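A single chain, nothing else alongside it, follows as structure tokens in the form predicted on its own.
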């Protein structure tokens, strides 16, 4: 089955979905030969499908084509769920026009972004993004990819057409697989964080997904995210970006290394001085930093 979405210009589909590291984390993959984003997705009905998303240029808009591999027909509700999840995942409803205007004052940065970049990839659920963010803390990128791949392979439902492809597990599936964490999934100290989060969602009714549309001010959203065990300043800033809040940067080793080298010519600035480098970007600080480092 083929579904479609229309996206107003400017929008650079292929570059946007590859601008952020989530494209390398299961159950997502970029397929060079098809110029497509592939995602294995478990729908609310329990049906597992494979989505291939491609972008097609037109004069006034970009058409996103979603080719859905599925066993059996999709209901109208399932089709709408897929469209809704893809819109969220690709941040299609965010208005970045003000950011592009701000970029116009920096010719080098504007050249990188004027085709419509800046919609950094995220997951269809906040639960998945929190788990993946926890897997990025105090580790290497290679280890992060391995941790997420094992979570998906051991706990996620397989696609009936190819049992090697698995969807990201639900909180219930993560709890059901608790016995596998120590020897099979192996997240280290993060095992407890992921299991506790799943337990809070399943057993205590913690509604993470409601945060996506809560409209909370950035400071309140940060406090809410930091209530999750394992989410500190760095992880909270990452999740705020995922939720469309770009007005803060957590100064970590990567931020420090970039800014010191690029702006301080060997001088050792304070974290406050480092953060101030992007102050003039206002509510777009995170995106400015992200593409400054790209």
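Numbering follows the first chain given and starts at 1. Everything quoted here is computed from the prediction, not taken from an experiment.
The discussion below concerns the form predicted together with the DNA, not included here.
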| property | result |
| --- | --- |
| Residue among 138, 105, 213, 71 with a heavy atom within 4.5 Å of the DNA in the model of the complex | 138 |
| Contact assignment for the DNA in the model of the complex, among 186, 114, 199, 153, heavy atom within 4.5 Å | 186 |
| Candidate spot 193, 231 and 235, all three touching the DNA in the model of the complex (heavy atom, 4.5 Å) | yes |
| 4.5 angstroms heavy atom contact with the DNA in the model of the complex for residue 253 | yes |
| The DNA contact at residue 143 in the model of the complex, heavy atom, 4.5 Å | yes |
| Partner proximity in the model of the complex: residue 289 to the DNA, non-hydrogen atom cutoff 4.5 Å | yes |
| 4.5 angstroms heavy atom contact with the DNA in the model of the complex for residue 204 | no |
| Which of 54 to 62, 31 to 39, 223 to 231, 257 to 265 sits within 4.5 Å of the DNA in the model of the complex, heavy atom basis | 223 to 231 |
